[in-house]
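A lone chain, given as structure tokens: the form predicted on its own.
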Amino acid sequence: MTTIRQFTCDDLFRFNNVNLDPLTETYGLPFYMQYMAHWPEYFQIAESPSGDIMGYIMGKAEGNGDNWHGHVTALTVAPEYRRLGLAAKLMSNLEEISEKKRCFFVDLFVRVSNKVAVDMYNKLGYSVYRRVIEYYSGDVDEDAFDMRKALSRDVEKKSVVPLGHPVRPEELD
């Protein structure tokens, strides 16, 4: 049976099988440590019965006023554990934590070209709020979709009304 638990420092030395996916953003150790220190409840790992890391989610709560929200910084599942509903379970857990923190919505950024992920997020109730031009840098810079899902506190669903024009990364709030 899969165990979902809080990410620990030891996991930093065991999660390369998941982190080496080309669509997974990777960060330096201090970045992961910051999330473990500030938002430990948002940093969860899925572990197989044999102890293999199957996937993880890393997020936080941020913003002010009506912009108080949960944010998915990274979500990834190892290729051999995909299509088992693991990403949906990790997302559901993050949404529950955000509900408890009285957030208005959950947001995330995803590569426009990552159709599989965009489709999955759509199935989970997320919609494109805005397009962010050249959000991802690389050999060829790539746009991102800022996708959002309203939570129960946003009764009128104001947080997910699509912005009618694209923005640049420096314009993000």
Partner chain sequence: MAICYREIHKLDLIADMYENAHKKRPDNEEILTAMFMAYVRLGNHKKQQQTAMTLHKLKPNKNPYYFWAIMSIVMQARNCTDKNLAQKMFLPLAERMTKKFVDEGKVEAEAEVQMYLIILELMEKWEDALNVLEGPLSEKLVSELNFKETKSTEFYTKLGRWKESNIAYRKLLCSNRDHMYWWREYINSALKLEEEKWLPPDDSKELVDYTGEKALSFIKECQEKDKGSRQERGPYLAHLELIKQAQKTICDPCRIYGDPVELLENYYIEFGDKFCCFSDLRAYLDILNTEEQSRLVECIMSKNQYKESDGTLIYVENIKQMQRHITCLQLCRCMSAHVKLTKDEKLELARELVDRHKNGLKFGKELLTTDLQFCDSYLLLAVALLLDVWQNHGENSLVWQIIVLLELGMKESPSSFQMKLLLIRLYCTMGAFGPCPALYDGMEIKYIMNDTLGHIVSNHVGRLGHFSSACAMYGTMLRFFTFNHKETAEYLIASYKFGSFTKIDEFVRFRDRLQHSLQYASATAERMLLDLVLETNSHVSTEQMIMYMEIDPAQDKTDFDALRDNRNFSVILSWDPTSICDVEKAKQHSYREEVAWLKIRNLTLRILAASVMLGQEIDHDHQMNNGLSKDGKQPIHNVLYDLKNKLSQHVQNCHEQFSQEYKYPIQGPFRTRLSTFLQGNYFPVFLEMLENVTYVHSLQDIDIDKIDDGKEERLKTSVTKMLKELLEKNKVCMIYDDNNCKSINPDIIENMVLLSEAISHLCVLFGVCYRMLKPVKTVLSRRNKKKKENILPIPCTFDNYNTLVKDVEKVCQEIHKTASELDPVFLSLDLSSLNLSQPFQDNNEYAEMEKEMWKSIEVSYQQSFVEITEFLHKKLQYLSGLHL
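Because the structure is a prediction, the values reported are computed rather than measured. Numbering follows the first chain given and starts at 1.
The form predicted together with its partner chain exists for this protein as well; it is not shown, and the discussion that follows is about that form.
Visitor: In the predicted complex, do Val112, Arg153 and Leu172 all reach within 4.5 Å of its partner chain through at least one heavy atom apiece?
Guide: The answer is no: none of the three residues contacts the partner (heavy atom, 4.5 Å cut-off).
Visitor: Would you classify Leu108 as touching its partner chain in the predicted complex, given a 4.5 Å non-hydrogen atom cut-off?
Guide: Close contact is absent here: in the predicted complex, Leu108 is far from its partner chain, nothing within 4.5 Å, heavy atoms only.
Visitor: Even though the partner isn't displayed, in the predicted complex is Cys9 close enough to its partner chain, meaning a heavy atom within 4.5 Å?
Guide: Yes, contact at 4.5 Å.
Visitor: Is the gap between Pro22 and its partner chain in the predicted complex 4.5 Å or less for some heavy atom pair?
Guide: Contact check for Pro22: yes, within 4.5 Å of its partner chain in the predicted complex.
Visitor: At 4.5 Å between heavy atoms, is Ala37 in contact with its partner chain in the predicted complex?
Guide: Within the cut-off, so yes.
Visitor: Only one of 143-151, 37-45, 63-71, 127-135 gets a heavy atom within 4.5 Å of its partner chain in the predicted complex; which is it?
Guide: Of the stretches listed, the one contacting the partner is 37-45.
Visitor: Using a 4.5 Å cut-off on any heavy atom, which residues of 73-102 would contact its partner chain in the predicted complex?
Guide: Residues within 4.5 Å: Pro79, Glu80, Tyr81, Arg83, Leu84, Gly85, Lys89, Asn93, Glu96, Ile97, Lys100, Lys101.
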